[in-house]
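What follows is a single chain, given as structure tokens, in the form predicted on its own.
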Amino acid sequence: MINSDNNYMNEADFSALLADVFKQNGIEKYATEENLHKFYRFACILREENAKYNLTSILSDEGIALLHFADSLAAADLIPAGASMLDVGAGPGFPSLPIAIVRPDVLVCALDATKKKTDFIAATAEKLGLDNVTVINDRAESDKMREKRESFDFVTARAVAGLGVICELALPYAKVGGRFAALKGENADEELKGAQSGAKKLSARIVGNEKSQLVYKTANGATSNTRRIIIFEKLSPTPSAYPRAYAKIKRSPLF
């Protein structure tokens, strides 16, 4: 089980833990010395700032390593080399900041409507020396965001809203030929009902549906979390009517 005490590990122990978590989940190539150092610093910054204002309830060493860092990298290998990426509803930087750490070739833009979160992302990126990160403090459905439509090679969203809602918010920003990866949990099957026809209204189609079990095993037991990545390909520009006002999206999602 993931512990919740405040006896946090030093850098060497946390780096060993994170390297083990990455190895158990098939992403050990990202456990370089430089990356592990940045992830440790990120964990420290997250805890320090979380004491000032609530950013996350997951603060244990194992929780950060597995449910924040490893989980954020579930889609890292899907992003094309040198791509531009938009993270919709980035929160305190998941998955945008972990992806920016391990994929310095990717230009990461983190979008969130809560200023304290975009301020945190910007400050953390600066402290970690991540010059491939920009932030936008806005809502995906705002009029100001329309200039960003069809601008990104890759779009992500993690634990933001139901699939029918997040597709309408995210797909307008993918380039034609680009992709949107929705990082969902174990209940994704229910959300997928009608998804193909809903995606068609947004000028996209489902091209991938990957299910995996994020796991960390120790002598004391195992912690796991189901991760589902649903991938959409943008076929043509999304009709200008989308995204609608958020109240309309919530009241009447496309699927």
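Values in this document were obtained by computation on a predicted structure and should not be read as measured data. Residue numbers here begin at 1 and follow the sequence given.
Just so it is clear, the following notes concern the form predicted together with S-adenosyl-L-homocysteine, a form of the same protein that is not shown.
Proximity to S-adenosyl-L-homocysteine in the model of the complex, taken as heavy atoms within 4.5 Å, picks out 112 to 120 from the listed stretches 97 to 105, 147 to 155, 75 to 83, 112 to 120. Contact here is defined as any heavy atom lying within 4.5 Å of S-adenosyl-L-homocysteine in the model of the complex, and by that definition not a single one of A19, H37 and A65 is a contact residue. Residue-level contacts in the model of the complex: of A181, A125, A174, A140, one residue has a heavy atom within 4.5 Å of S-adenosyl-L-homocysteine, and it is A140. Under a 4.5 angstroms non-hydrogen atom cutoff, S-adenosyl-L-homocysteine in the model of the complex lacks Y242 among its neighbouring residues. A residue is said to contact a partner when one of its heavy atoms sits within 4.5 Å of a partner heavy atom; Y246 meets this definition for S-adenosyl-L-homocysteine in the model of the complex.
Put simply, V160 is close to S-adenosyl-L-homocysteine in the model of the complex: some heavy atom of it is within 4.5 Å.
Remark: L169 counts among the residues lining S-adenosyl-L-homocysteine in the model of the complex, judged by a heavy atom distance of 4.5 Å or less. Scanning 83 to 106 for heavy atoms within 4.5 Å of S-adenosyl-L-homocysteine in the model of the complex gives G89, A90, G91, P92, F94 in sequence order.
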